[in-house]
Each structure stands twice: as structure tokens, then as C-alpha cells.
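There is one chain below, alone, in C-alpha cells, taken in the form predicted on its own.
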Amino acid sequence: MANNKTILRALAGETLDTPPIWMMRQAGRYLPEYRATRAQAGDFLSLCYNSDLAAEVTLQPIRRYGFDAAILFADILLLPQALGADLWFVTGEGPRMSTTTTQAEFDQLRSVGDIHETLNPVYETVRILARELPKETTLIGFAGAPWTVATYMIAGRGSKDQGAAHALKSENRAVFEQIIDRLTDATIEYLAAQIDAGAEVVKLFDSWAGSLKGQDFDDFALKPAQKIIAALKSRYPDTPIIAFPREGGDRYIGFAKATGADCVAVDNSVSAEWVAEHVQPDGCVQGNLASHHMVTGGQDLVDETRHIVRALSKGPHIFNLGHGITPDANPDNVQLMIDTVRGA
């Protein structure tokens, strides 16, 4: 059956008549059934760590839409929490973390080998999904890339310019590099445990890669991805890996070859034609419909979806959004997108 899963076929380099489709944050607040389950859990972190409920919200968009893949419901900040950072969520404002900006604070973090006790519920969610997903649906695990996760650990919250992380990189590079290295090693073990539990594909989300320029992009986006992918490929040579250096621009070019990724996900700041010319020759690409179409819908959604499918039809392609679906999206627009892809 694995060979018949369309996501795995695309990741292996096959050009399909109809691209497989899934959607970043497809289990989320735009769905009423998700909101009901989150209310049952009590709060966001309780939902992440309740294996039965996390599996339920992962399955909800599969039942509703029949996506070709399910992505594990979790959060990129569970890993730094497992390393010892305090993590909490403020309603309407997002995550907050204790900061790691000094050698003393770094020294308080746990070792990589100690992360699994905290993360075991995540692995149990993967095991449940491996049993319960439809046989044709691919199970994707994921982690945040070290740079992106580090920006939250250093600032204690998300920011538009990742200024605190850039400042620490300049002012105390030794501590900054230790954070990146610890996260790199922990990410390898976290994703390996997900694969052991049943994930068929894993994805590395570098949501803030675009704020790294020049040598910093090489050092803190590309090289950690290289190390993570090489380590995973040495253990699991048949497990495909998707890399998403969001807003990488020209740095998307050659990223797959440089890192060993089987697929590069692209955001919607680059055109599908540009991706077809510069990125797709190296292998599978994923993307890249702008998320706002899930809010506005209509003929513009249909036209742009068809445009992307056509532009990327000459090589391996997984249809997806350019970033995650937003809470104000209309569930009917998701169905319209899927129908358009499959009928385009």
C-alpha cells in the first residue's frame, strides 16, 4: 500500500496527473469540531499532551476532507519545553517561554537524552494515528527547525523581526551557537522517535528562515538542516523529509541538494513559475497557495489553485498552502480548493 500513497510517490520523484494535497495547520481553529475538542481538553497544551484528543483533532480534517496526508497535531515549542524551558500560552496572544540568553540559563537546560519523558505523549499520538488513519493516508511528523525554535527561546515569545535572536547572535555568539547545537541534536532524536512510532514522512519547519541573510542563512538554516537530515537518513534511509525554509527567496534554489531533503516546501512570496524553473528541477516541491484564499474564496481561489497546479505540473508536486491556514478561514473554501485541485 505504501507505494500507492500519492504523497510518497511524489516525494520519490514521480510526476502525478493530480498532485496530492494536504494543508499546513489543517487541524485547527477554523474547524468547529477542533474548537469543541480543544474546549474538552481545557487548554492548548493539555490538548497537545492528551494523546487521544491530539489524535482526534489530527483525524478530523481527514474525515471531513479526505486529505492525502495527516500531519501530527503538536506544537514546535514542545521540544524546548522538553529541554526544560517553561512554556505557557496566553489566550489571544500566543506562546510565552522562559528566556534562554545567558550561559547560566543555557546550563539549566536538560540534555538531549532527557527529552523523551516529556514527549512520550506525542509519540503515543503518532502510534494511535498509525493505527487509525485510512490506509491511503500518509502520516507526517514534524519539528521546528533550530533557528525558528531558538527565536522563541531567546525572546520568550514570537516576534515579527526575530530581533532578540539576531541580537544574541551578534552579542554572545557562543551561547547562541550552543542553543542551536542543542536544538539540532534534540530535533534529530525527536523526529527519530516520531518515525519509530509510525511517522512515514517528517517535515522540518523553519518559519523564520527568511530573516537570516548571507552566511547566517548557511550557518543557522542550511547547516542544521543538513545535520538533521543526514542523521535521520543514516537511520531511516527510506523515510522522506520535507524542508520548509520559509521566505528563503533565492535560497530555495539548491536547498534540496545541499541538505538532502526529498522535498522543499515553498511559501507564496515566490511564484509557481519561478519555483518550476528554479526549485522543481531538483525534485519534489510543495506549495504554494496564499492562505488568504481560504478566507476570501470565490473565483480567485479557483483561478489561483488551477494556476499553481498547471505551473507545477511538469514535475513532482504536493499541493499545499504557502503557510498555515488561519483561524478565520471558511471550511467551505478548503473543500473548494480540494475539489479544484482534483478536478483541475
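One-based numbering along the sequence shown. Only a predicted model underlies this, so the values are computations on that prediction, with no experimental measurement involved.
Beyond the structure shown, there is the form predicted in complex with coproporphyrinogen III, which is absent from this document and is the topic of what follows.
Asks: Heavy atoms within 4.5 Å of coproporphyrinogen III in the predicted bound form: which stretch in 256-264, 179-187, 225-233, 199-207 meets that?
Replies: It is the stretch 199-207.
Asks: A74: heavy atom within 4.5 Å of coproporphyrinogen III in the predicted bound form?
Replies: Yes, A74 sits close enough to coproporphyrinogen III in the predicted bound form that at least one of its heavy atoms falls within 4.5 Å.
Asks: Is R29 one of the residues lying within 4.5 Å of coproporphyrinogen III in the predicted bound form, judged by heavy atom distances?
Replies: Looking in the predicted bound form, residue contacts with coproporphyrinogen III include R29, since a heavy atom lies within 4.5 Å.
Asks: Within a 4.5 Å heavy atom cut-off, is F89 in contact with coproporphyrinogen III in the predicted bound form?
Replies: Heavy-atom contact with coproporphyrinogen III at 4.5 Å: present for F89.
Asks: Looking at the partner-bound form in the predicted bound form, is R25 within 4.5 Å of coproporphyrinogen III by any heavy atom?
Replies: R25 belongs to the contact set for coproporphyrinogen III.
Asks: Counting heavy atoms only and using a 4.5 Å cut-off, do R38, F44 and Y152 all touch coproporphyrinogen III in the predicted bound form?
Replies: Yes: R38, F44 and Y152 each sit within 4.5 Å of coproporphyrinogen III in the predicted bound form.
Asks: Let me know the one among F217, Y123, F142, F106 whose heavy atoms come within 4.5 Å of coproporphyrinogen III in the predicted bound form, would you?
Replies: That would be F142.
Asks: Heavy atom within 4.5 Å of coproporphyrinogen III in the predicted bound form: which of G84, P240, G249, P95 fits that? Just give me the one.
Replies: Exactly one listed residue reaches within 4.5 Å, namely P95.
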